[in-house]
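In the block that follows, a single chain appears as structure tokens, in the form predicted alone.
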């Protein structure tokens, strides 16, 4: 019998675990669960004899991979997969996958939650600002970007996008105007929804030049990864421009400095919250379970990332 481990320091919602179990039960697979673990040793012990692994933001390092004996596939229940050591997986012929699109609406809604909270001065009773008629630039028009565009149009915002990997005509189908470069996007949009993945090309790519070019009362909304923003540049722009704000689903390493010096110009969630809805939990969990079954039974590698 194939064994599937859910290893989540930040657990799935109970309803999501139930749905995952139903998928695996139907396939005749055994489900094992490791939740709220406190160290790598617990993870290594739990993963030793399983055939498949489902994680969320948990780090699947080379040390974890080395501890496995039977692992065939690991699925990151979510879009980003920088928490998986793809090279280590490949060396042991382990297929690594993600579940793109399952958390996208939850992430997009969080972006607007942060935007409204910030625009209304954290609901402190003072007069705030409206989103209507403001220009929002979507940096990367993938699954999240599409939902951001849809919601932004509902708010009456003027919506733009830049994505070199998506055809202009495809973006325009969604009623979104297209800029030909990231520089143009940032220069013209008061709000930026940052949705790019973290990789060797994008890490620290949001630098001083591009952030400082933004219009007056600029706000960057980062629901992607903290690593894509150059923190030295971010601090410099915050210091030079009292009108500049930074909202992020995961606090930067320089969080303490920002909180001490720039009150009212930041919003950071307590932990990465983009996928933290019961609906997203269930959809991502079910997708992960189905992808495991489809890979083991049929060799389906549709969502392989290594």
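The structure presented is a predicted model; accordingly, all values stated were derived computationally and were not measured. Numbering follows the first chain given and starts at 1.
Below, we turn to the form predicted in complex with 3-phosphoglyceric acid (3PG), even though it does not appear here.
The single option of 61, 269, 49, 57 touching 3-phosphoglyceric acid (3PG) in the predicted complex, heavy atom within 4.5 Å: Comparing distances to 3-phosphoglyceric acid (3PG) in the predicted complex, the residue within 4.5 Å is 57.
Residue 194: touches 3-phosphoglyceric acid (3PG) in the predicted complex, heavy atom cutoff 4.5 angstroms: Taking the distances in the predicted complex, the answer for residue 194 is no, it never comes within 4.5 Å of 3-phosphoglyceric acid (3PG).
Non-hydrogen atom contact residue 78 with 3-phosphoglyceric acid (3PG) in the predicted complex at 4.5 angstroms: Result yes; residue 78 sits at the interface with 3-phosphoglyceric acid (3PG) in the predicted complex.
3-phosphoglyceric acid (3PG) contact in the predicted complex: residue 275, any heavy atom under 4.5 Å: Yes, contact at 4.5 Å.
Residue contact check: residue 225 to 3-phosphoglyceric acid (3PG) in the predicted complex, 4.5 Å heavy atom: Residue 225 belongs to the contact set for 3-phosphoglyceric acid (3PG).
Proximity to 3-phosphoglyceric acid (3PG) in the predicted complex (heavy atom, within 4.5 Å), stretch among 199-207, 70-78, 127-135, 85-93: That would be stretch 70-78.
Interface residues of 7-21 toward 3-phosphoglyceric acid (3PG), as seen in the predicted complex [heavy atoms, 4.5 Å]: The stretch touches the partner through 10 alone.
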